[in-house]
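Form predicted alone, single chain, as structure tokens, below.
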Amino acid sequence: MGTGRQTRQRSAILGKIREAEGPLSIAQIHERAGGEIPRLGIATVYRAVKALREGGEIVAVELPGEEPHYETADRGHHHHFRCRVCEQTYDLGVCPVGIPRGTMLPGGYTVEDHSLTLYGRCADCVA
């Protein structure tokens, strides 16, 4: 396989991650990019995700009890909502945690960052 093909595959995979409403698992990336790239193998997706992470273009999102999901690194500070019915993860446009970086908590803990995932039903699954 030549470099051109790898670049096209990587570019298509990054495009699918970028256009998603929230972070995607490897299986979701494979499914979405597979429609655009004939015969896309799961190993190719793993290699592309590894290269995109090493290049700083995407980051891993850790969801408790699940494999890592991936989103573009340029999304800034945000949190996630995980639907328990359809198992999709969505970006939230708001930060419901009013604790800025540098805040000193009781016990001498200094806040450097935070990550929050809310769980429930998305709009489609409530209906």
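Residue positions are given as counts along the sequence shown, with the first one as 1. Values in this document were obtained by computation on a predicted structure and should not be read as measured data.
Separately, the form predicted in complex with another copy of the chain exists; it is not shown, and the next lines address it.
*Asks:* Where, among 69-77, 24-32, 45-53, 94-102, do residues come within 4.5 Å of another copy of the chain in the predicted complex by heavy atom distance?
*Replies:* So the stretch in question is 94-102.
*Asks:* Report yes if any heavy atom of residue 8 sits within 4.5 Å of a heavy atom of another copy of the chain in the predicted complex; otherwise report no.
*Replies:* Heavy-atom contact with another copy of the chain at 4.5 Å: absent for residue 8.
*Asks:* Within a 4.5 Å heavy atom cut-off, is residue 112 in contact with another copy of the chain in the predicted complex?
*Replies:* The answer is yes: residue 112 has a heavy atom within 4.5 Å of another copy of the chain.
*Asks:* Any chance residue 37 has a heavy atom within 4.5 Å of another copy of the chain in the predicted complex?
*Replies:* Outside the cut-off, so no.
*Asks:* I'd like to know if residue 87 sits close to another copy of the chain in the predicted complex, meaning any non-hydrogen atom pair within 4.5 angstroms.
*Replies:* The answer is no: residue 87 has no heavy atom within 4.5 Å of another copy of the chain.
*Asks:* Heavy atom within 4.5 Å of another copy of the chain in the predicted complex: which residues of 45-65 meet that condition, in order?
*Replies:* If the 4.5 Å heavy-atom criterion is applied to another copy of the chain in the predicted complex, 45-65 yields 62, 63, 64, 65.
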